[in-house]
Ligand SMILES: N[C@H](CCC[C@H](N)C(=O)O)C(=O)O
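Heads up, the chain below is alone and in the form predicted alone; it's given as structure tokens.
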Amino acid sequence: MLLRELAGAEFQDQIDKLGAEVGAIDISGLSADSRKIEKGMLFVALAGTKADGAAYVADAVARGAAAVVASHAVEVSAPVIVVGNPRRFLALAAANFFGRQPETMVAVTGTAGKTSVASFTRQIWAGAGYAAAQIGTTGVISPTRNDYGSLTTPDPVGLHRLLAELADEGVTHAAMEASSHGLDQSRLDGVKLAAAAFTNLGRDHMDYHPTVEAYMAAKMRLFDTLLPKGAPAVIFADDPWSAEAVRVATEAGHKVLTVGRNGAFLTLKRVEHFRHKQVAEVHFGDEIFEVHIPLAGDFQVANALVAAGLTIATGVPAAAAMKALETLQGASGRLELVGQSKAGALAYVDYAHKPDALENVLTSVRPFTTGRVIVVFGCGGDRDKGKRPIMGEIACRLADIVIVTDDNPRSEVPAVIRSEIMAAAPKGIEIGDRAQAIRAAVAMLSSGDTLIVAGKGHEEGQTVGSVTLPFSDHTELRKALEEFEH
């Protein structure tokens, strides 16, 4: 592809300044990683938190880069295109280079619920007969693949390569998660969105965003910058930050569709909680639906309504969307029932690794727990330290038995992380080894109890130092349940 075609209209002036011969350079690929550069590729130098990509321009040119994009002039033998926002250039160029994406793309942002909403949206579309996919924290799921992943929002080159692959395999509808990092770093720029959604805002990523307001502003980039004017914006109406999301979406000229108890598009009138399901009364205009959602947790009703809103906004009849909610399967590690004890106590794995999410999951299981709520959790290292005592307080307030263990300590000393949680968890039991902590919790289970193993959810490893060791909460919980069966 010619460099001028790759750059697109937004960056055409910067290309033209360097002359027609630069615009006519044939580009064979692009990357922001100099180690991946091969002859004829475009290298985009990005400023990161640890290093400036400009430091690797010479290496990229030595490997055969035909041209370079950077935020400032660099002395090398290849042409250098200077742009104000190299990250946006990379995303738009990747979209132009790969060219294809599913016809109907939606994105969902928020602190909690993104994975479930993306999963539910895919399932509702599939039920309506569309070839559908989801992209996010748990990886990629489509009619032909189920690939485990680790990044909520992939880098732009990987993302647009993936979208082209999905389009080529026949996927027409795709739902993706939009993380604050991904939005702030322009990773979604170039995705042609048909609709977008907001779930909620809580405390998270305070190691990256300077304030909660800055965190919210990063989320809102989905509406004020990326979603085309006039497109539907589905917003959960019952969160403290819902009004701000509505304001931003309205000012951006979107068709705002609110869902929830305070929602005008899909109004939740009543919910009955049971051990394995919830019965919700949902109003859509003059229509009233009684929906049996086969998942536990009030927050899953919220996620289901956001997903239903997205699918209705993209062409699924309301009756079909409501019917599909009755066959939903929960996303991996999201209040996922792993098994039950010999006495019938339920044991769940949940990804809750931030204060609001932990509070939501513990609150959600209380209505159907006749015995005690037991929680096993920890906090990750090299992340927001301020949430540790907050989560300790929440656990002690909402659970009857609290076991504090290791999550992903990374480069921090695990005992220090636990001590910072325990400082606000006076009744907490400290068991550092996560497998032993899970086993101890299962040993305590009696009839009517509910166990939540929180924090890691779908993850299949535990990062200690710089090494990620194989570890699955699902596996360890099943092993413990089987052990105490006998």
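Here the structure is a predicted model, which is why all the values come from computation and not from measurement. Position 1 is the first residue in the sequence shown; the rest follow in order.
As for the form predicted together with the ligand, it is not shown, yet the points below apply to it.
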Practice task
Answer yes or no: in the predicted bound form, does the ligand come within 4.5 Å of a heavy atom in every one of 351, 407 and 410?
Solution key: yes
Exercise for the section: Decide whether residue 456 counts as a contact residue for the ligand in the predicted bound form under a heavy atom distance cut-off of 4.5 Å. Expected result: yes
Problem - 4.5 Å heavy atom contact, residue 380 to the ligand in the predicted bound form - result: yes
Practice task
Name the stretch, out of 448 to 456, 435 to 443, 22 to 30, 417 to 425, where some heavy atom lies within 4.5 Å of the ligand in the predicted bound form.
Solution key: 448 to 456
